[in-house]
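Below, in structure tokens: the form predicted on its own, a single chain.
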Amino acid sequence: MKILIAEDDFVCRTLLQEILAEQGVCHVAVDGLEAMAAYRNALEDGKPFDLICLDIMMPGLDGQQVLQEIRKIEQERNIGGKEMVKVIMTTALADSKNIMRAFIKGSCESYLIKPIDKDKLLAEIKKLGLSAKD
């Protein structure tokens, strides 16, 4: 599995890398602009990401903007269904406005509140059919 971790906080980023290292190859973006560049580059190389763990509060573009831009690119390229990248929002924002925006406007697959719990994250990945381990 090819994973992008888009997270500006060093501690959270490191934790996600440690949890996800056994699941696949992890790439890191420290802000929204870097996340978009990584996503576009992966598409252009013909090796898109399978999973993106996306923080909402990041410099440049926030995670909500990144998610909407990813879905826009997928729509423009006729990427749909199982071919769409799976996105798990990993954020400290637990308010209903952000949660609804992520699911309705951005079409994320999952939304986890920080601090990230390893078992919950791995369970979400398994639900998405991406788990490297059964």
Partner chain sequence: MTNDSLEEQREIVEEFVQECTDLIDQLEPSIIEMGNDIKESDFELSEDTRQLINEVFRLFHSIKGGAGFLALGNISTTAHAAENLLDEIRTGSILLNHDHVDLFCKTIDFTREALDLVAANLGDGGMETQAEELTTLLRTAISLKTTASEKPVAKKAAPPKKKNGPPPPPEPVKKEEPVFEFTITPDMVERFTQEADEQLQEVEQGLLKFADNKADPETLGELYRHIHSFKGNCGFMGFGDMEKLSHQMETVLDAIKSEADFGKAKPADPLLSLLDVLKQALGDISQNGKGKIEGVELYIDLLQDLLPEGWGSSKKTTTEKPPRVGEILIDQGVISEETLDQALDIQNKPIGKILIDMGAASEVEVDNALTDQNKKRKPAPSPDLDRTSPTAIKRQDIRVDLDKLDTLINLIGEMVIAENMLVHSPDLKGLELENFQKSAQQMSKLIKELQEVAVTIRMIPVAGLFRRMTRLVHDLSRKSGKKVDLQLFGTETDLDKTVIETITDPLVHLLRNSLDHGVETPDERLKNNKPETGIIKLSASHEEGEVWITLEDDGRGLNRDKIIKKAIASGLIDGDGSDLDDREVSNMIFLPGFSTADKITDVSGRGVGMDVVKQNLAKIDGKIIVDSRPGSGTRTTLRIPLTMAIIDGMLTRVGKSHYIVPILSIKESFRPTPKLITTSPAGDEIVRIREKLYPVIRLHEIHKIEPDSRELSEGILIMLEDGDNTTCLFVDEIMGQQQTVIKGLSEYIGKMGEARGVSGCTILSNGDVCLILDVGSLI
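Numbering follows the first chain given and starts at 1. Treat the numbers as computed from the prediction; the structure is a model and nothing was measured.
Below: the form predicted together with the partner chain, not depicted.
- In terms of contact with the partner chain in the predicted complex, the residue from Leu43, Met84, Met57, Val28 that brings a heavy atom within 4.5 Å is Met84.
- Among residues of the shown chain, Lys97 is one whose heavy atoms approach the partner chain to within 4.5 Å in the predicted complex.
- Using a 4.5 angstroms threshold between heavy atoms, Ile79 counts as touching the partner chain in the predicted complex.
- Heavy atoms of Glu109 reach within 4.5 Å of the partner chain in the predicted complex, making it an interface residue.
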